[in-house]
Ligand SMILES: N[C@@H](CCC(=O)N[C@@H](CS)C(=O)NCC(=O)O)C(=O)O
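Heads up, the chain below is alone and in the form predicted on its own; it's given as structure tokens.
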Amino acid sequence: MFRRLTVALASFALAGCVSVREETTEIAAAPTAQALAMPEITIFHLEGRRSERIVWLMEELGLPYTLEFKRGDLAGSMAAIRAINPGMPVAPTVKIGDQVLVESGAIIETIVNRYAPGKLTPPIASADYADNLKWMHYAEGSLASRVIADYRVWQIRPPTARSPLVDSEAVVQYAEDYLGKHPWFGGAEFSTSDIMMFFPLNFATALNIVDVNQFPNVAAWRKKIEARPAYQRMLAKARPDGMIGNLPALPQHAPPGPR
């Protein structure tokens, strides 16, 4: 709702006066941007790694893509990534036309905004839009960075108590609390933030960095994710032999911190 103030000036014999008349005018919803013509998209992939996000996205959108990896050979797949992107050989590396991109969130937003505007994204005027964007960035900026750091440290010296500051349990608990009030990270509907959040939450629970039983909302959300046809198609194409080169789970994790 756009609020427009109209100021009317009138002169009176006894005193000057300014009267303010408030009008309300509905703003028409902005039309959905037209999709750009999509160039060839090639996803350079490592099985079981973040590049699955982009394969999953394309399956959700029903858009064409080429998937490049050496089945069962992580070193061979990495060599192909290094050949196309020697300065930053990471997965995902995605080639869109002649442009080579890294960073899952940036790749997802580029593909959706250019070639599937309005899809897998809440309306921009809704509260869900801001939440979706928050979780898109939270997935790597707060969640993945914390749980991966804790995993590496705990492999060296398992903790006996949780940090009184923000640690892996706290960043997962924040997601757990949100899912207690919303069905998806994008709010009412499945969205791009769910794609982003799956990897670090799966990493945290599957590798015993946090106790999976402590987060029932995350577990229920994960079951919904795994039942999605597009997710199943992604697994069949991007992880045909199941997980390979998986990291070992921690033999123990610190007890829950104070609530």
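Not measured: the values here are computed from a predicted model. Numbering starts at 1 and follows the sequence shown.
The following text describes the form predicted together with this ligand, which does not appear among the structures shown.
- Put simply, Gly187 is far from this ligand in the model of the complex: not one heavy atom of it is within 4.5 Å.
- Using a 4.5 angstroms threshold between heavy atoms, Leu46 counts as touching this ligand in the model of the complex.
- Taking the partner from elsewhere, Ser104 is found to have a heavy atom lying within 4.5 Å of this ligand in the model of the complex.
- By the criterion of a heavy atom within 4.5 Å, Phe199 is counted among the residues contacting this ligand in the model of the complex.
- Note on the partner interface in the model of the complex: the residue among Ala80, Val90, Leu179, Leu74 having a heavy atom within 4.5 angstroms of this ligand is Val90.
- No member of the trio Glu68, Lys237 and Arg239 reaches this ligand in the model of the complex with any non-hydrogen atom inside 4.5 Å.
- Stretch-level contact check against this ligand in the model of the complex with heavy atoms at 4.5 Å: of 47 to 55, 209 to 217, 60 to 68, 187 to 195, the positive one is 47 to 55.
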